[in-house]
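A lone chain, given as structure tokens: the form predicted alone.
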Amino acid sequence: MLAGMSVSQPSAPAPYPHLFSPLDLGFCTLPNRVLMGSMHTGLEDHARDFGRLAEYFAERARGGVGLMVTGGFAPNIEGWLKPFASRLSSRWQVAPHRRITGAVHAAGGRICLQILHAGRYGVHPLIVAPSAIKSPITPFTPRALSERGIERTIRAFVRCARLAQDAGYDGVEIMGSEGYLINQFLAERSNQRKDRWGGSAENRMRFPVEIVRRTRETVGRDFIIVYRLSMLDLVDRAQAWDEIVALAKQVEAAGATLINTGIGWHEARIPTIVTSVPRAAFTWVTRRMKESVRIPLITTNRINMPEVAEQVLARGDADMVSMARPLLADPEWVAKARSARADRINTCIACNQACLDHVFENRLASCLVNPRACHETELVIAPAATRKRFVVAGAGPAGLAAACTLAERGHAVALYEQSGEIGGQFNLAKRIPGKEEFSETLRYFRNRLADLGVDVRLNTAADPASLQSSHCDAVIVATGVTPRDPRIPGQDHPMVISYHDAVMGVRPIGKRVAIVGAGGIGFDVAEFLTQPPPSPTTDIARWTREWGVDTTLAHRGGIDKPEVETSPREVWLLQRTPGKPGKRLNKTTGWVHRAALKAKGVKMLGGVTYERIDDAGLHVTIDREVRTLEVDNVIICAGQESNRALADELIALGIPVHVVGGADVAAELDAKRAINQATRLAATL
């Protein structure tokens, strides 16, 4: 070969070609098919937080998202989600929004403002709705809008869109799904009017069509209007499929640029976004709609990895994919996918614990696997001024977060783990049907440790003597928890199994089982015992049958009678505390767990006194009645205690120690608190 001559090699095919195909909207072109969907964070509610909100969006714009949508802004006071919540209805409110749009545009992104009128879902006494019918999930009964009130509300939507345009937004999303005001006009369950805004399907859809038509007339042609269309209400007395198609066609004719898919009302009793829902479980309904409209359609719900998004687009289910929580979890999601680094994505596990649960608790949203989400300006992972040596003892979620954050800042880190794999309690969680996503977090941390050069020492206990001789600057103790002793007479009987051994399959489990303890672990174990493998999370058709989703769309709202698979075991789920088991589970996911176990026939009992365990079974007292549960096994899930032994020994030796995660607090296994605490600590060392 002649010197200086090179032979060109065939270039590797671009990863995810459909996902990274530009989308021409006529007056602008989006660089890819990723929409960062709307999700309320709490930063929208006060202009003083708009600097933080601007950086939150800018970080994701730098990550390459094609188009973003803000959390919902009410077009008037009546449309508030709660008192003094986010609103854009007056000229004086425009200027603060320019901080957001300016930051996004400087980062090379585009952003739309979502206009959301809560209707009867608002949590304040000024709420309005098509009819004075109370929502089953909110405390106030709405006032029925008069015809003049309806006209004022339409003008409020249009005014909000114009103000958004003046604030520099690239468009708006009109929220017409999830059971909010527009959706309330469309369904007979919430619209019982007899005038031109109710009754027939044509009358019921007049409200959203007028909003879109007048908005387009006001903002002109070169402005994005996304209409969020409820394609699957999942409640009774809702829209029929032919009505939904007719609405989509009218919204298109009225001037919408894109139609985004909405799935389920907030009061629906079918889960739509929790981790037990299969990936891309609802894209089939968007594909069905593509037969009827010409403008691009966006599909959504449980699309969290590039290969899933690519498959959805490749088979023609939609023209774009919407992801909200996955971009909370990893602002560089798009950039990593584009550069063939999908295995480095910090995947959303759909736990809802720090995002939706926080919002419903009036707390600022964040993310269990990424505590920097919505805290970008104050939780800064900056290079350390002085490189130090740290030992992290324990490779559960807290230890992993601490080790990675310390190494990212430039410190030398050794991570000790006495077992043969990283993950701690996540290795149990990933075996629970519906929690398979937890394995993605471990994959992320495994690769992150390797990329950062952390010295990972598996099958190695962090004993005080070796740590004393390591001459490290400090030890981060993340040794987790140990099971609490329930002190039940006879608990050493052969029928008794720990929750660890039950989930890990160390011992066979019989057909009749009593679970002692109805916290999060108790519920997980109950689902593990009652759900025959394989998990329905991996099979959309099986999951939709079990929850009663009508994929034929023959029934209004897309709901049908559930076909629940029979549990292979008879299970009792017991707790000492009086009251209904599961009350302390997370707000947005707890009802799903309770409903699933109820459908499987699990007997959930509170106020139980455990008397003894013997060959006859578990002897208990319930409501002063002595009973014997004739079971094959008793599984102990009676809580945890902090494993602080190592920390106490190191402190006695004078070694600097920081305690994080379950080793610090073990009231409940709480990966959200553990990862957040460990990350914030490591950012300061």
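Each residue number is its position in the shown sequence, starting from 1. Given the structure is predicted, the values throughout are model-derived calculations rather than measurements.
There is also a form predicted in complex with a small molecule; it is not shown, and the following applies to it.
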Report the stretch among 546-554, 429-437, 165-173, 189-197 that approaches the small molecule in the predicted complex to within 4.5 Å, counting heavy atoms only. 429-437
In the predicted complex, is there a heavy atom of the small molecule that lies within 4.5 Å of any heavy atom of C637, even though the partner is absent here? yes
Do W572 and the small molecule come within 4.5 Å of each other in the predicted complex, heavy atoms counted? no
How about Y444 - does it come within 4.5 Å of the small molecule in the predicted complex, if we only consider non-hydrogen atoms? no
Using a 4.5 Å heavy atom cut-off, state whether A518 contacts the small molecule in the predicted complex. yes
Of the options R237, K583, R457, R484, which one has a non-hydrogen atom that comes within 4.5 Å of the small molecule in the predicted complex? R484
As a check of understanding, the residue in E417, D233, D524, D317 with any heavy atom within 4.5 Å of the small molecule in the predicted complex should be identified as D524
At 4.5 angstroms, heavy atoms only, are Q425, R576 and D670 all close to the small molecule in the predicted complex? yes
